[in-house]
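Read the single chain below, which is given as C-alpha cells and is the form predicted on its own.
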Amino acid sequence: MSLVPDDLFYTKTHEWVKIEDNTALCGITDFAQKELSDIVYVDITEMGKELNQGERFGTIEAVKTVSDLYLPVSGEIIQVNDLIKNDPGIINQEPYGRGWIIKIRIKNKEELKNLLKAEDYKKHIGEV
C-alpha cells in the first residue's frame, strides 16, 4: 500500500503538489518511486523557465527505466531541490519530504481543479 497524504494534489502521471500561497512544491508520489525502484538521476528543465500545465519539465532515471516528469500547474520553475542533484535516492526514502523535486510560482490556481485529490488518486492507482 502506497502512502497518499490527504493534504496534497496529484496528477494522473504520478506527480504530487503541495500548495504554499502562490507557490507549489512538486515531487513524485510514493507509488511512482516504488514502481521506478532505485532512482539514480534527475534531469530538470532549467530554472526560471515558464511552462504550461502538463508540459514536460524533466526526466527521472531509475535502474529499471527513464520517465518524463510533467508540470502539474502552469508556472515558473523557481527552485530545484539541490539535495536530489547530489543524492537522487532521497526521493525513494522521502518522496513527500526531502525528496521534493521543484518549486513552482503558480500562474493560474484555477488549474488545481484539474488535479486529483487523495481519494481520487488512490482509485487511480487501484489502492481503494
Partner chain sequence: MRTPFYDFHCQWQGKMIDFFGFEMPLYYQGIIPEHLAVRNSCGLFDVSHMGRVEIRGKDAINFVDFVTTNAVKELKPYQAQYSVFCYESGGIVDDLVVYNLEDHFLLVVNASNREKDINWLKKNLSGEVEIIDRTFEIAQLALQGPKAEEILGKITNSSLSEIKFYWAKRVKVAEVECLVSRTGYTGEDGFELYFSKDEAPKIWPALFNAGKEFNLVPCGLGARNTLRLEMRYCLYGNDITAETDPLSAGLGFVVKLNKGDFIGKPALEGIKKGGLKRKLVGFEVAGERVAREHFKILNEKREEIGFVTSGSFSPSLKKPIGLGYVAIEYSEIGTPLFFLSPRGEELKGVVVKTPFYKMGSLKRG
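Since the structure is predicted, the reported quantities are computational estimates derived from the model, not experimental observations. Positions refer to the first chain, counted from 1.
What comes next is about the form predicted together with the partner chain, which does not appear here.
Novice: Of the options 55, 46, 87, 43, which one has a non-hydrogen atom that comes within 4.5 Å of the partner chain in the model of the complex?
Specialist: Of 55, 46, 87, 43, the residue with a heavy atom within 4.5 Å of the partner chain in the model of the complex is 43.
Novice: Within 4.5 Å of the partner chain in the model of the complex, counting heavy atoms only, one of 33-41, 46-54, 71-79, 94-102 shows up; tell me which.
Specialist: Selected range: 33-41.
Novice: Are there residues in 61-81 with a heavy atom within 4.5 Å of the partner chain in the model of the complex, and which are they, in order?
Specialist: Contacting residues: 61, 62, 63, 64, 65, 66, 68.
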